[in-house]
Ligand code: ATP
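Take a look at this single chain in structure tokens; it is the form predicted on its own.
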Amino acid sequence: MEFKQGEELIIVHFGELWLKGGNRDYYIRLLERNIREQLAGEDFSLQRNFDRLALRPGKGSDADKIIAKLKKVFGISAIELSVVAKPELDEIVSAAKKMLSRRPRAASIRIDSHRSYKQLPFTSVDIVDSLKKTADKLGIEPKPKEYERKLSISVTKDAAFLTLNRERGAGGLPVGSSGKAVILISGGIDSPVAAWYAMKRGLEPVYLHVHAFRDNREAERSKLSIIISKLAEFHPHSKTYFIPSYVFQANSSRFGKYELVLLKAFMLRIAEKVALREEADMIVTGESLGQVASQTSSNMAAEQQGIRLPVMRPLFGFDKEEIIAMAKKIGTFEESIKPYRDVCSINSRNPKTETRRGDMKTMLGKIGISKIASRSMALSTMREF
């Protein structure tokens, strides 16, 4: 990409990825792929420029719309709408003067500069000193603290990028860089947030919803599809498996207070079967230690015995208020609080808080958990979002 004096570009910074050493190129290529998928239908060109990506919106493209989409791509630490100048001190000062002269003008400004290409005949301090003088002449007070706006200048070998508008990205790692995970998703608040955190650490999601309906189509038409569509804004083209629980329930009701713990064990076995089909490396749940009566350490240990894949719980140390705040931030909260016939709520009356692993093994054997899981899996349907 050749940079043109005075043009506006969207600069994508990838923070944590820069620390990946010999694997850095792999992560950045994956990030580029995810950006292209996220911006499908948009007119743009994308090119790596040292420690950043430069994105040029096509004619008629809405830069603000593109930035809004980029803010949902994991692996991006910051996004800037920048003006390009030649990597020459006079050209940088001239471009900054035009930017600072725009209305409405700030009364005070902080000026930061970073020069990544050290062979240039001027330093970052030279840039800051020159721009402070320019700001003074325009009646704008340079201030290191309590300023109205911030002007950042980043200088590479090929160009200087000046920005007054820096947005935080989603951070984390590109989705897919940490492998694939089967994520148990319910109609509640917690599991969509767990899915978001799993994606943030680079896991590609395969969703699994075990439901209380007789027909998978009822579950597919429910609010679950809306919740998963919200999560698909952070990573498009996700698969979701819908599996009914009635085969399990027909065999487990006689165990009373243990039924919910048995249900969780059943879900993990189904998740492992889906993982085998999808070549996933782990299972993710929305459990938080001690949040409800069934989510105790002994119950969690009992539920997952015999499961060969690691079971990850991203919300393990979160309290409910923290989870709710995150659900609101990612846009799933309003759907999650709508009434829904969730299978866990049906089986949650006075659940057992302590389950011995030996007792769990005996009960799973009595209900024939392997056959139940296989029969239930045969009733599954898969949908892509």
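Computed from a predicted structure; not experimentally measured. Sequential numbering from 1, following the sequence displayed.
As for the form predicted together with the ligand, it is not shown, yet the points below apply to it.
This chain appears without its partner; in the model of the complex, the one residue of Ile79, Ala159, Val210, Ile92 with a heavy atom within 4.5 Å of the ligand is Val210. Of the listed positions (Ser186, Ser113, Ser252, Thr240), a single one reaches within 4.5 angstroms of the ligand by any non-hydrogen atom in the model of the complex, namely Ser186.
For the ligand in the model of the complex, the listed stretch (178 to 186, 141 to 149, 231 to 239, 197 to 205) containing residues with heavy atoms inside 4.5 Å is 178 to 186.
Remark: Met267 counts among the residues lining the ligand in the model of the complex, judged by a heavy atom distance of 4.5 Å or less. The ligand is not drawn, but in the model of the complex it has a heavy atom within 4.5 Å of Lys320. Not displayed here, the ligand is kept clear of Pro244 by more than 4.5 Å at the level of heavy atoms in the model of the complex. Residue contact check for Asp342: one or more of its heavy atoms lie within 4.5 Å of the ligand in the model of the complex.
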